[in-house]
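The chain below stands alone, shown as structure tokens; this is the form predicted on its own.
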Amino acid sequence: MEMNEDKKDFKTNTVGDIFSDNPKIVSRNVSVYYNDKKAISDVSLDIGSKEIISLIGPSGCGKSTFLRCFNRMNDTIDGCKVEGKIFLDNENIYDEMIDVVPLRAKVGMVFQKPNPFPKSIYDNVAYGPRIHGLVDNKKDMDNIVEMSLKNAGLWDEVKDRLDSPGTGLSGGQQQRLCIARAIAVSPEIILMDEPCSALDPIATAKIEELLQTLANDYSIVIVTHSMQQAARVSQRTAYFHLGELVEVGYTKHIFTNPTDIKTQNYITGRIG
């Protein structure tokens, strides 16, 4: 897919700078239906390489639905239909020939509520490499587990109890364990759906600090209800309202000088 051709291949909109100079994901005119209900409408947006971009907006505005398009999690919902184009490294992820299993290894996901498996800390991280056949000996697996936990900022806290249940960790530690599990399969993108909403402020601060480190290696898309969090962690922010992408731009611009009145009303608390 030639990028100059792709830029012509979508409907005109005025939402701001949807493009990235170095896109990892290119989405054009994406609409999602749940049976007869249209959840998001004609969304076009690039996700840059090694960029943190926040998706914000009121509850039910479509931001989580759009997030799930990137790893085809919407496929698991009965009656859900996705229209439009989404390219990962110039490959259409909705092509009928695409195998979603390796796609979901490339595009990891961390959910709102920490969801460690009922296994040991070690086995939580080792699960993905095992099912994807990434290693064939214990030494290599040990290295992956250690590096993943280190990259998730958890190694020093759990290195002496790797055989303990992951469910026995604190909420913030569980969420970092889920991040370690996601990065253990060497993804290229990490999707985060309200990853801090169930955490206390100290755990939230640790996750946000971790995101800055992870952005050196991964593209990160984060859905958040916290405008303060979006302002702290992301380079760009996209505002959704009633299933439409209203405005996207550099985070500082979105929060200090939004172009659209709907964005301004949300930022200032008039709607929410």
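Heads up: residue numbers just count along the shown sequence, starting at 1. Treat the numbers as computed from the prediction; the structure is a model and nothing was measured.
Omitted from view is the form predicted in complex with a small molecule, to which the following refers.
Only one of 61-69, 23-31, 201-209, 230-238 lies within 4.5 Å of the small molecule in the predicted complex by heavy atoms, and it is 61-69. A single residue from the set 52, 39, 246, 214 has any heavy atom within 4.5 angstroms of the small molecule in the predicted complex; that residue is 39. Contact annotation for residue 101: none of its heavy atoms lies within 4.5 Å of the small molecule in the predicted complex. None of the heavy atoms of residue 131 is located within 4.5 Å of the small molecule in the predicted complex.
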